[in-house]
Ligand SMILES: Cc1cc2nc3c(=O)[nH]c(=O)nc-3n(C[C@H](O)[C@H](O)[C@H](O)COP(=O)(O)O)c2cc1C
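In the block that follows, a single chain appears as structure tokens, in the form predicted on its own.
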Amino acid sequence: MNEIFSRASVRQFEPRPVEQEKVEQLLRAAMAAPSARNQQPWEFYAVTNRETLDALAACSLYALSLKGAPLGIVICCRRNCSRPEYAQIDCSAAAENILLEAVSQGLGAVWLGIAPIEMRMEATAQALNLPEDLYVFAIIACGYPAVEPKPQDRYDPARVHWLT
């Protein structure tokens, strides 16, 4: 899969919007992620409203890339899922699928960590006026890259332990 090796965090975006069909494909990829006992604990907020994106950018110093992004996908977890201890793992898989699908669509994206920092989680929930049964896990800033992303080769053979 070329997308795995060509993915890089993109934090600067062109001002043009992401087409609706591409956003839907990103969300389809997210929901295709594996999930413990198929609980699918996720809810997604696709944000294109400029005021809301700016409010989300203010929720964390690490979310400033949302100020220039035409799209933010907020990944939330349902508190009342069947296996809450696995909810963030499931949502991590969904986030990675979004990042890989973004590459496939010719988009750039970056994963913005929100959980487990309570202050970030609360600020983001307030910015979106989330219902009590959801908590924010992460945000993916997404759009057309303003600069060409530079993937890194992170393979480190020293971290591989062969047991033969």
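Quick caveat, the model's predicted, so the values are computed rather than measured. Quick note: we count residues from 1 along the sequence shown, nothing fancier.
Keep in mind the form predicted in complex with the named molecule is missing from the figure; the text below concerns it.
- By the criterion of a heavy atom within 4.5 Å, Arg16 is excluded from the residues contacting the named molecule in the predicted bound form.
- Shown alone here, Tyr135 lies farther than 4.5 Å from the named molecule in the predicted bound form, counting heavy atoms only.
- Contact check for Ala69: every heavy atom lies farther than 4.5 Å from the named molecule in the predicted bound form.
- Among heavy atoms of Arg11, some come within 4.5 Å of the named molecule in the predicted bound form.
- Between 33 to 41, 49 to 57, 126 to 134, 112 to 120, the stretch whose residues reach within 4.5 angstroms of the named molecule in the predicted bound form through a non-hydrogen atom is 112 to 120.
- Heavy atoms closer than or equal to 4.5 Å to the named molecule in the predicted bound form belong, across 126 to 164, to one residue only: Arg154.
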